[in-house]
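Single chain ahead, written as structure tokens, the form predicted alone.
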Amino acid sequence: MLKTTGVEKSFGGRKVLREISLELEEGHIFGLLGTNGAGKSTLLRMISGILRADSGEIILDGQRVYENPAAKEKICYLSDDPTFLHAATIREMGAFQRAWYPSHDPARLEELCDRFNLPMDEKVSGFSKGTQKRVQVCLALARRPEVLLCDETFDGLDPVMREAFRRTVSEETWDRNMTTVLAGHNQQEMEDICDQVGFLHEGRLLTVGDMDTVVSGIFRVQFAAGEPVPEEEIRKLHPLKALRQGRLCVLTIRGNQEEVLAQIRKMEPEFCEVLPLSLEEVFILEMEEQGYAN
């Protein structure tokens, strides 16, 4: 298990992360969504052992990560800007990686490069940015890490390759019981493959939980009563947003669906239905509550 407890980080007196506490289990994909400058990349670098926490601790399988080669060897961090040795081919990058990480599997690298049509004996510097990202992921999976940290890793890939790599990472996570973290802005992508999610804003984790729980915690309900519903009855439901068009009410509510529906049924509506929200809609509502972009 990967665990962060009360982790904080500042740069030049500016607090970047505040009391970050997470428990990430094996065999799960965790989606870390955040606004620009929320601290996503900083958190991943700290988990990987690149940066030291000002306070708190980061533990992997009972061992502290920072300045601990045995723990860091199990973690693979993919930055949003992949870098490679100058003029190196994929095969040469694999040999270099194997010198530092004994878990590197050359046969696995060849298998992945063949699957994703990557020429192992051509210089990586001559590839497009999207192709370099494909190389980056293949090298990472060939290491067979226990923890894979992806910082906007799939950005820049065309839709076909994006889907292929998402599927490969998902299979690797479940088959090898790996812990995977995807950080970025693509809510649809995370909703498709993540089973856990967290919202990071201004260095704080606002929401953390299973995907189904987070998405179902805020919902939209629309109903129409025989007579216009008094405003005070609407306020009792504590909506985050309310839209009224004659007898039709459309409310966005945080809470227990059954309890809300029970209150609405007391108004004897002609019809009532619950409309599920996407992860993106939930994220936007959470950020609006924090005053972001207002």
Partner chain sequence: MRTNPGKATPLRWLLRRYVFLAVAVFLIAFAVFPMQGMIRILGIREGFGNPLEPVAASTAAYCTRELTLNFVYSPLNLEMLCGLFGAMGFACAMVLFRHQFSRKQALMYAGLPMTRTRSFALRSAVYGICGLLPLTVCLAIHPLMVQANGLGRFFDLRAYALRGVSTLLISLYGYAVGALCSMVFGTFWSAALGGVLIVGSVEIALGCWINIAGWYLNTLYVNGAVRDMLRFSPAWSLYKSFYQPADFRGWPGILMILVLGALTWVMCRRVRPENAGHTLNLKRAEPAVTAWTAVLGGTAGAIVLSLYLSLEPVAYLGLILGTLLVWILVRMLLDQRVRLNLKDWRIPAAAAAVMLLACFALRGDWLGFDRYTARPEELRAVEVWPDMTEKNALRFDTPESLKASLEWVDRMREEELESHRETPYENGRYADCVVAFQKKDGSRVLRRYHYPREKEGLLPALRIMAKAWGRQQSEEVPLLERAGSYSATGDFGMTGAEFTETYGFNPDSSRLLRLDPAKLREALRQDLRERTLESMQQPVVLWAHMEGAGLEGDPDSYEYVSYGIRPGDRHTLELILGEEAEKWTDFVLGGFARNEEVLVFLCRYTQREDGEEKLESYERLETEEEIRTWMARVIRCDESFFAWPKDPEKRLAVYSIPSLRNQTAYNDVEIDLEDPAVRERLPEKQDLWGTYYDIMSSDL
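Just so it is clear, the structure is predicted and the values come from calculations on it, not from any experiment. Numbering follows the first chain given and starts at 1.
Below, we turn to the form predicted together with the partner chain, even though it does not appear here.
Picking from 81-89, 203-211, 218-226, 150-158 the stretch near the partner chain in the model of the complex, with a 4.5 Å limit on heavy atoms, gives 81-89. For the candidate set 61, 54, 26, 259, a heavy atom within 4.5 Å of the partner chain in the model of the complex is found for exactly one residue, namely 54.
Contact with the partner chain in the model of the complex, judged by any heavy atom within 4.5 Å, is made by just one of 189, 172, 146, 110: 110. Residue contact with the partner chain in the model of the complex: residue 101 places a heavy atom within 4.5 Å of it. The closest heavy atom approach of residue 163 to the partner chain in the model of the complex falls outside 4.5 Å. Not displayed here, the partner chain is kept clear of residue 269 by more than 4.5 Å at the level of heavy atoms in the model of the complex. Contact check for residue 116: every heavy atom lies farther than 4.5 Å from the partner chain in the model of the complex. Shown here without the partner chain, the chain has 66, 67, 69, 72, 73, 81, 82 in 64-82 lying with a heavy atom within 4.5 Å of that partner in the model of the complex.
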